[in-house]
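Below you'll find only one chain, the form predicted alone, shown as structure tokens.
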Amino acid sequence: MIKGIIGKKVGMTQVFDEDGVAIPVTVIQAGPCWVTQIKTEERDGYTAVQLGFEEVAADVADEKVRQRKVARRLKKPHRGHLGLLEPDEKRPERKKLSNPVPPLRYLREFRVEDISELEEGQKITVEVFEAGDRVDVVGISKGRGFAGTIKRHGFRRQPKTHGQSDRERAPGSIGSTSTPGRVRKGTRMAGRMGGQRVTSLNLEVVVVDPERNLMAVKGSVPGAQGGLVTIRQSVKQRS
């Protein structure tokens, strides 16, 4: 069974253990997900499973309106990959899953060693985890825009004395004299901050709520509220 799932960050709160100690946790709406593709060693060179998350237009009752919204929100190759397109004379080989899946907005891949118990169309819920498990959570960090060196890299400011009036937050010299006579690659300077893929390692699962598809992990999770995250079994287990 796969120990991974896709979800969305809900926000932070706190829970209390048996001793009354407050534990800061991040609540994640985890799943439900569906298996949309299984990769094998013989065909793809490695074993993995692709999961899909968040059904498109799930709240629309009218089937025709729903189909129009799905076609507008998912590109044709995406719908074809999910097996949502009917075969016709021009494309009789169009993919059809053995177990149909709903139109899913997000697709993510998880490396797994044992795929014997998995099949396309299988539903994966938050019950693959339980309280006490250790997980890694991957998300996109909050974007901070263009930031200076003090905020971005933790530089100190320069002294305000000796006649200068507007240089206290400037980065200072970036050159290295005549050798090598250029600015070295990787020099820490002002620039775009945040909006990057970040992984929080070895977080403890505190609460699992299968009825509401929620889980709570101890500590912080990268990204803003509503941001997409992937949860997988920790690769650096520690007691």
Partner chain sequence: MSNDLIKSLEAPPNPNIPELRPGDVVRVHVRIVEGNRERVQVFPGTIIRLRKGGNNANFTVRRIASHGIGVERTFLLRSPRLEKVEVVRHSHVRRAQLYFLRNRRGKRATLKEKR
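Residue numbers count along the first chain shown, from 1. Every value quoted in this text rests on a predicted model; they were computed, and no experiment measured them.
This protein has a second form, the form predicted in complex with its partner chain, left out of what is shown; the following refers to that one.
Engineer: Within 4.5 angstroms, counting heavy atoms, which one of the listed stretches 205-213, 192-200, 63-71, 32-40 is next to its partner chain in the model of the complex?
Structural biologist: Of the options given, it is 205-213.
Engineer: Counting only non-hydrogen atoms and a 4.5 angstroms cut-off, does V27 reach its partner chain in the model of the complex?
Structural biologist: Looking in the model of the complex, residue contacts with its partner chain include V27, since a heavy atom lies within 4.5 Å.
Engineer: Verify the contact flag for G11: yes if a non-hydrogen atom of it lies within 4.5 Å of a non-hydrogen atom of its partner chain in the model of the complex, no if not.
Structural biologist: G11: yes, in contact with its partner chain in the model of the complex.
Engineer: Can you check whether V15 is within 4.5 Å of its partner chain in the model of the complex, heavy atom basis?
Structural biologist: Looking in the model of the complex, residue contacts with its partner chain include V15, since a heavy atom lies within 4.5 Å.
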